[in-house]
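Shown here is one chain on its own, the form predicted alone, set out as structure tokens.
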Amino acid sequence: MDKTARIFVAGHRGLVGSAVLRHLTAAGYTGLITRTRAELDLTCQAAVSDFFKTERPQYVFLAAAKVGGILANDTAPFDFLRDNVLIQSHVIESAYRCGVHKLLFLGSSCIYPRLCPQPMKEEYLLTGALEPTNEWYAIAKIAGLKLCQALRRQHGFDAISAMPTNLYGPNDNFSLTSSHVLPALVRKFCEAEASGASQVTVWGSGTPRREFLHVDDLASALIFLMEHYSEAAPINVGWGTDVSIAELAVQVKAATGFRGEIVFDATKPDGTPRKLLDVSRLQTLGWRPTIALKAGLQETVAWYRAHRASA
């Protein structure tokens, strides 16, 4: 990408989009285009079409999405499926029709089967049943991935798809009703430490294993892929190592300074038993993450405490 290229970062206020915008700005890109949700409703086809015809971006990072944890997905399945399908379809089609040079679609590791062999290779997609607690979001993401592949096959449109593992970092969603596990734990432990509580309750048994990637590492990977990858197959983005939720809770406890007890509520759902990505394809291309979990957690805790009112 030329430093003056017109680059649309869709979802620039979210966890991923804000990180991509930070990295592009720091790298000296001057043609950055953003719109807030109030300025551009991506679920409205006419609005998206008009935006692309007017702004004529050359590159698109499609990081806009409706996201949430187990509780949010379980209670609003229609919203997660509808909103994400609409956002993806409108942006991807308008990008193609308006001559965008290249589009990067942000998928998710939840697209893989619930009982997928570990670590999960890209070719395991659609080889088994999805995890019921987030299948609506997963189906939407699979549809976006397939839309990119279909446009590439039928019309030669250079659309690529990246499948990141579990993410965390600045500008995450720390809501206890709609967030993912790591930011939820950060908030719980920070609040418990501040109030002097004697214990923190963690959803589930603590045995599921998850892989976590700092969002700044993801932003670096996405820009790398935009410049160096151009294939129909999706590509995994992660560390290639994981921890149990119990181990994660201990690390968050240490990062926050909480001194009480950790209690696991086994009546709450665990979700997929394990989610570990095979990241060998990305490593072969020459990219690796640099922010270890311990350092990333300390930074995230500090950011949350500094932005508690808005986070």
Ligand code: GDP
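Owing to the predicted nature of the structure, the values given are computational and were not obtained by experimental measurement. From 1 onward, residues are counted along the sequence shown.
There is another form of the same protein, the form predicted together with the ligand; it is not shown, and what comes next is about it.
For the candidate spot formed by H180, A184 and W203, every residue has a non-hydrogen atom within 4.5 angstroms of the ligand in the predicted bound form. Of the residues E247, D270, D278, D41, just one reaches the ligand in the predicted bound form with a heavy atom at 4.5 Å or closer; this is D270.
Residue I70 is the only one of V48, L282, A255, I70 with a heavy atom lying within 4.5 Å of the ligand in the predicted bound form.
Screening 195-203, 81-89, 138-146, 230-238 for residues having heavy atoms within 4.5 Å of the ligand in the predicted bound form returns a single hit, 195-203.
Although the partner is absent here, N166 is a contact residue: one of its heavy atoms lies within 4.5 angstroms of the ligand in the predicted bound form.
Proximity of S220 to the ligand in the predicted bound form: non-hydrogen atoms within 4.5 Å are absent; the residue sits far from the partner. Within this chain, P170 is remote from the site of the ligand in the predicted bound form, having no heavy atom within 4.5 Å. The closest heavy atom approach of S94 to the ligand in the predicted bound form falls outside 4.5 Å. For the partner-free chain shown, G204, P208, R210 of 204-239 come within 4.5 angstroms of the ligand in the predicted bound form, judged by any non-hydrogen atom.
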